[in-house]
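Two forms of a single protein chain come next, each set out by itself as structure tokens; they are called structure 1 and structure 2.
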Structure 1
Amino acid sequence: MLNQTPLQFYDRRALRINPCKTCQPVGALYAALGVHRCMPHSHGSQGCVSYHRTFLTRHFKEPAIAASSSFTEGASVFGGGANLKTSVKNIFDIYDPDIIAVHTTCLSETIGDDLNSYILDMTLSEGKLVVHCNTPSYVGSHITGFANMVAGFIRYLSLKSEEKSQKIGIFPGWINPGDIHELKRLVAVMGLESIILPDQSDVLDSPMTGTYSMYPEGGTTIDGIRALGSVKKVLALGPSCSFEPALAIKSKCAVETDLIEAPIGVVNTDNFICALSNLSGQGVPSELEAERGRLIDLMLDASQYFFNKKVAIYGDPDTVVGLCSLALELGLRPKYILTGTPGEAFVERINKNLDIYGAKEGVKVKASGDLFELHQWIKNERVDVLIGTSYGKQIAKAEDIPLVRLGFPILDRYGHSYQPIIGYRGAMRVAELIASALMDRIDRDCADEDLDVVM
């Protein structure tokens, strides 16, 4: 399929081929879906929001609702203020959300629409809210848009308070609903109460009841976002997704924040559990110690299949950093590590992990890369397994390499968004997926006389 990908490298600065990212509004839309009774709104052309909704729906296999300002030639020339005011009125009249979260697109950004002034000029019914963030599609990635939207909710709604509650805040970053369920369980086991922003659990994994609900039971409530200003501390998970929200809550509400890696893998989960333990003032429960012990047992049992196997990992920066950490803990050798999201801090975070294990030699790490380049690397020197999104399947097929689907988006499989990859349980699942992929390859390639039911 991709046999014409050349071995020779060229310095491509103005062109991306099969980019390992999508645009900011996709991330803003996903963040807004994590707020209860919120209607995401795309300030731009109707075609933009149709694509963004489709992209999320294909990953989660759930309807991703959103509205649009539906720009035409007139709005493109004279500004979209009238379109936005009309659409906001229609959305509240027809769909009755509690809040509308507006994000921009490349078109509205290019013509310079001032959303803040448009919103201030609106007359809203009591109890109805409109917030916004700027998400130009030609800057950053969907991760940038996600961070901007979460920060937008905080800037509009969170309230500073001199009296601190006993709750903690958690910015989970871009993770699946199954991961958020696991986050909630870990927090509860540690004896804490939390406000999670955003919270897509029970929204994009809502149960089938036979009746469609535009606004499922899940999502962070408006009161919850306001109360973030009074929590005793916020744990911001994943610097790429959560730095901007952490900065916003600290700047507006003077809430202390700890910015830590997403709890993917043993060490990162240990750090998260220790942070929770410090906040609760309690030790780690035996339940979590047992989970950690079972994870270590699995890693040891399958270590001969992991050891020294070369792996390429690609996807969103916070997810890739966590998966790289777990890969090193399993005994795998990360060979190629790539994200499409710009930002050299990603390279520094990966190199820090590699240095701990003395595994930096010969490893290619790149931010703002693309899968064409990853394929070129693999053509020059193969790896044993690919870990990443569905967009790597052409490379996997062309080079006959097993693919373990993790991250966003996964468009060609089912059930992934319900299962966690964070925490000790999530690490067990990832370890099992990688081990199974490697062992399936051994079974496929071995001679008939070597095919054994016991491995």
Structure 2
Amino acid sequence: MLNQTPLQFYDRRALRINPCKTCQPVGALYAALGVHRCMPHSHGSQGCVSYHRTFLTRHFKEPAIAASSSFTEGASVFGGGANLKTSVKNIFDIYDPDIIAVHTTCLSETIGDDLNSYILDMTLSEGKLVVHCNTPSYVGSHITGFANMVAGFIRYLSLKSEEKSQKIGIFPGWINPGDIHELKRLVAVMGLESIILPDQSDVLDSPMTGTYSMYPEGGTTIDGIRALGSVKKVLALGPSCSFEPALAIKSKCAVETDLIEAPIGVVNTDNFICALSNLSGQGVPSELEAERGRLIDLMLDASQYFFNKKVAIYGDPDTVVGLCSLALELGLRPKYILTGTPGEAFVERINKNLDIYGAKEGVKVKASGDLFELHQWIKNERVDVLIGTSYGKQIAKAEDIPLVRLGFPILDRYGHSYQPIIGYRGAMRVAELIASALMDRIDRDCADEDLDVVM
């Protein structure tokens, strides 16, 4: 029924079908929710923010707040300066955040609103802040918007300092609250103190207490963002999300940065732990050695079910690069690797990894792709398992292929955002999910006489 996708490829240059990305502003909004007592604000029509909040709520099953300039026809002609001014006043009066993080939209970008000068012109009460970033929806993707907002916080707030603190900075990239909790645990186990920007843990996974708080416990504090300028080093995880922020902290505060892949998969996590170990000057505690060992044990135990199974992975670039790396480590055969976010660097990052495993032959890798195209690839040569967002559901159903839901967004399952995919524990979870998907399929499809309790 949901199978509208034809087998034959045809020339398609203008029509985007079933996207694997969305627009910048929602990324900026998600980043801003990771700052403590921050109200994200969308400078554009009121519909944008309604969609973004709905989208985030559907993924996290949590309230996601943000205000809007609510552009009218007049604002679109004469500029949105007055709307922004009114907004800022109203927001501080009624919702009382400590900081408002403004992002633009396709509308305000196109009419040429100059947010810098609007914000400079504002008189704010003591201790209240307004920052902004530019997020034109017709450039990049939600990932670009996320990176721009993080960089925006840094440009406005981080303070350069000659004296370096003992702390390290971490730009985690776009990951779930569950991942950030795991990140914090790893850093603590390694004996380090960190400032993580942004930090949506305890914001978009806040516990049920019987009260609703617009500003839950979590989030990077404003002081934390200021102090990022004096950390001894920043680990920027995932180039797509964290290159811009790394550039910002380097140029504004001359802080040293290390840009590495997100710690998804064994080798990427090893690299992250090594980086932490270099910073702490201490070895890796046995606790983590054991954790890694258990992961490898699991990978070996289940290896027969992974070996040479073909897999399609799609979603956001940093997540997909990490998952592709883990897939290779598990013995799976990545067949199609796709992101909707533009940028050919993605293809190079994937290819580099495929080369290491000598697994490049017959693999299609694409940035700026869409899920219609992925579906066409699969129709021409199928895979054994799909790994990605909920939007692969239609392909999974049409082609009867198991889908392992990882990445953003996941709109049709519960609990996923609490569980990490990063680190050794995260890799164990991903390995278990993939193995279970493949093995459930064997159980479902095998003849009665082949059904085995022991596998």
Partner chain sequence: MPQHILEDRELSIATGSDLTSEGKTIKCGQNSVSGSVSQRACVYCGARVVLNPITDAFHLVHGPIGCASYTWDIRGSLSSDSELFRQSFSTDLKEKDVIFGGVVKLKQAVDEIMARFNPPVVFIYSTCLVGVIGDDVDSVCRESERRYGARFINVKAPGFAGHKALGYKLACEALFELIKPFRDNPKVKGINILGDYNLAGEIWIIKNYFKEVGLKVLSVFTGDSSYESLIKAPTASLNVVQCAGSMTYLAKMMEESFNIPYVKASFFGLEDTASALMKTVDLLGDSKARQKAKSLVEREGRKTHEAVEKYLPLLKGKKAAIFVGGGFKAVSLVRQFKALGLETVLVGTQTGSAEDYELLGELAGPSAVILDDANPAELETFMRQKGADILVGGVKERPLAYKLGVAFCDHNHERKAPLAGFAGVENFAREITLSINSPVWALARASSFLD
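Structure 1's sequence is the ruler for residue numbers, which start at 1. We call the rigid core whatever largest set of C-alpha positions still superposes within 1.5 Å between the two forms. Here the structure is a predicted model, which means the values were calculated and not measured.
If only one of the two is the form predicted in complex with the partner chain, which is it?
Here the form predicted in complex with the partner chain corresponds to structure 2.
With the core lined up, does the C-alpha of Arg444 move 2 Å or more between the two structures?
It does not, since the Arg444 C-alpha is displaced less than 2 Å between the two structures after the core fit.
With the two forms matched on the core, what distance in Å separates the two CA positions of Asp11 between the two structures?
Its C-alpha position differs by 3.2 Å.
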